[in-house]
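Just the one chain here, the form predicted on its own, laid out as structure tokens.
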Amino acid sequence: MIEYFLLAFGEVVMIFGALGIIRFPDVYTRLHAATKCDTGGAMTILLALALYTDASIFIKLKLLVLAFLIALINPMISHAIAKGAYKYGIKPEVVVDMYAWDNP
């Protein structure tokens, strides 16, 4: 039963990530949405598949290792893409100054 919940949660995360890619204004915010949907959505879907499938323990272990690698590599790659975009000269359209909120 929990695998159905994980599968539905992963699909919802993927849908919201796709909406974020469409709706957000610049590269950095779209990259944020893409990273969230890849990391959260794919990991929960892979975990649901590992729980649901009747395959051998090695196949389930491969799915869990794949989920771990996605959690490990996806944020690093998106950070590298954002850093490359910033060094290329692409400026963010949305600027949020968190320090100004704390120090009016």
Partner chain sequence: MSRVPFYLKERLEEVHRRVLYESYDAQKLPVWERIVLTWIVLFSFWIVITANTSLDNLVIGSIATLIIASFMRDMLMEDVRHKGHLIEKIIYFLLLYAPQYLIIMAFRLIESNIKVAKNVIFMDIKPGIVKIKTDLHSDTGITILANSITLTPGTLTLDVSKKLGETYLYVHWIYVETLNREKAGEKIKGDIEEWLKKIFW
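Positions refer to the first chain, counted from 1. What you see is a predicted model; the values in this text were computed from it and never measured.
Omitted from view is the form predicted together with its partner chain, to which the following refers.
The closest heavy atom approach of E93 to its partner chain in the predicted complex falls within 4.5 Å. Although the partner is absent here, A55 is not a contact residue: none of its heavy atoms lies within 4.5 angstroms of its partner chain in the predicted complex. Within 4.5 Å of any heavy atom of its partner chain in the predicted complex lies no heavy atom of A48.
Contacts of stretch 53-68 with its partner chain in the predicted complex, defined by any heavy atom lying within 4.5 Å, are made by F58, L61, K62, V65, listed in sequence order.
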